[in-house]
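Shown here is one chain on its own, the form predicted alone, set out as structure tokens.
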């Protein structure tokens, strides 16, 4: 654990709490991609298969449970809550996320640390997380006007990955050139996907205007 890893965990947690707050308080999921949320739920379930078999620390176990349950709660709200599900814009959220699942699973079968069930699931979760935000970004571009809470959710989600890249760099120089190429490459791809959003988020903050993405 180091400061960059902790900040990454906290910004990731905060992004989820911001989204839950938006949905719970406003009873609307307008501007939120259910497909992205389903992908994140799949990411956490695949990655944390060791939750009940390998104990690392209380902090580690609690964070795993929080991310799985919070993602499941968001998907439940968007699918089952009588008020929230009526605000879901199915016509705009049309990205074929099944293609992302299939492509990243094939990648995991080919590129993994070891050809075992757990390692394939771990690699699959890393690859899938790198592109899971795509349905959300496409939806925001179609909607153009982004409400404050949704914008903050995406911003903190991107910031989490940026902090993790700093964490990997720190560990490389302090832990005997520790490196794992799979999360490094996937993390760089994931951060790159946020670049355009970060640019317009910064402009909206600088000019104190509502966040609006180009079509």
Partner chain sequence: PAADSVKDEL
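Computed from a predicted model, the values in this text were never measured in an experiment. Numbering follows the first chain given and starts at 1.
This protein has a second form, the form predicted together with its partner chain, left out of what is shown; the following refers to that one.
Proximity to its partner chain in the predicted complex, single hit among 183, 158, 31, 151 (heavy atom within 4.5 Å): Looking at the other structure, the residue within range turns out to be 183.
Within 4.5 Å of its partner chain in the predicted complex, do 67, 164 and 168 each have at least one heavy atom? Answer is yes for this spot.
Given a 4.5 Å cut-off on heavy atoms, tell me which of 96-104, 110-118, 131-139, 71-79 is the interface stretch with its partner chain in the predicted complex. Only one stretch qualifies here: 110-118.
Any chance residue 48 has a heavy atom within 4.5 Å of its partner chain in the predicted complex? Yes, residue 48 lies within 4.5 Å of its partner chain in the predicted complex.
Just to confirm, residue 63 within 4.5 Å of its partner chain in the predicted complex by heavy atoms? Heavy-atom contact with its partner chain at 4.5 Å: present for residue 63.
Close approach of residue 124 to its partner chain in the predicted complex, 4.5 Å, heavy atom: Residue 124: no contact with its partner chain in the predicted complex.
Though the partner is not shown here, which residues of 9-46 have a heavy atom within 4.5 Å of its partner chain in the predicted complex? The stretch 9-46, when checked against its partner chain in the predicted complex, contributes only 9 at the 4.5 Å heavy-atom cut-off.
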